[in-house]
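Encoded as structure tokens, the following chain is the form predicted alone, with no partner shown.
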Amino acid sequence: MRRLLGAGGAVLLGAAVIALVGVGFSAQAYSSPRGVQKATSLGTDMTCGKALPHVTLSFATYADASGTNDVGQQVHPGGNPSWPSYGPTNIFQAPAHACVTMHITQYDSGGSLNNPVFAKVQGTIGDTESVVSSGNSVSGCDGTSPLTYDGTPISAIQPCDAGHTFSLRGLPGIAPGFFVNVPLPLAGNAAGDNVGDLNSDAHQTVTFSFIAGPKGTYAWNCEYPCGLSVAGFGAVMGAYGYMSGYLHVV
């Protein structure tokens, strides 16, 4: 009987430890260097093909996390200054079933994706994105220079012209089958260059729209191998808040 009680106590202790670890990971996962960026309402319109509440979110990808962004904020407070980073935050919020238009300013350099499937636009309205180039000289992987886009909707980029991706999916149990993938073309700034300035640094402005899923938490990440180690997915790729985050649909 004593052995049974001892075993039961061990099980309960183990469960308590697991619960505490789970709480710790949850707290870590939902922390952000600069809080939650809520989508801005644009009213109701037909952007997504039918009359829906329309909201917008704007953010950027930077070649490194040092210095300040276009509005004078540190890109990733307390972070590794040599790592690329999304900013001004990595956590966003949008209404359920709304038409969400995102504008991403991509400053970073790039190269080849490990999996060319992430060079294709998926889950957006029309499965397309539009890209407008800054006009600065940027070389594409086929030797063309500059690599420019004029805002015409496209359904894919060359897999070797990727800077980052914005790849969004629901957490387990949230909107099975929901998936948005948007490749962000390289812009030519090598890591360690300026953080990113609209007036001086090469950039690609990527715009796309999608219909948000039901309420819940959705995770996004970059599928371009920005890091070190095996397949380029170590270091920054495994550090929360740089190349990954959440979209809260409320």
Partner chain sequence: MSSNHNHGIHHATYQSIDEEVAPGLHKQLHRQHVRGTLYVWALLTVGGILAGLYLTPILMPHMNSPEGRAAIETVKVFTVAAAPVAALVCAVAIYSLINSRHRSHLDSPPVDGPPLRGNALASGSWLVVSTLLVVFLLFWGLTEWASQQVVHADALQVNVTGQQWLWTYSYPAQTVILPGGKTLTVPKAVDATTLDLPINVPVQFNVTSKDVTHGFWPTQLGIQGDANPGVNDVLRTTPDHLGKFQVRCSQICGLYHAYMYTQASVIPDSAFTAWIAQGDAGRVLTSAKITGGVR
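In this text the structure is predicted, and so the values were computed from the model without any measurement. Positions refer to the first chain, counted from 1.
Heads up, the form predicted together with the partner chain isn't pictured, but that's what we're talking about next.
With the partner left out here, the partner chain still marks one of 200 to 208, 218 to 226, 57 to 65, 35 to 43 in the predicted complex; by a 4.5 Å heavy atom cut-off that stretch is 218 to 226.
When contacts are judged by a 4.5 Å heavy atom cut-off, residue 173 counts as touching the partner chain in the predicted complex. The shortest heavy atom separation between residue 122 and the partner chain in the predicted complex is within 4.5 Å. Interface membership of residue 117, defined by any non-hydrogen atom within 4.5 Å of the partner chain in the predicted complex, is confirmed. Contact check for residue 143: every heavy atom lies farther than 4.5 Å from the partner chain in the predicted complex. Taking the partner chain as positioned in the predicted complex, none of the residues of 147 to 162 brings a heavy atom within 4.5 Å of it.
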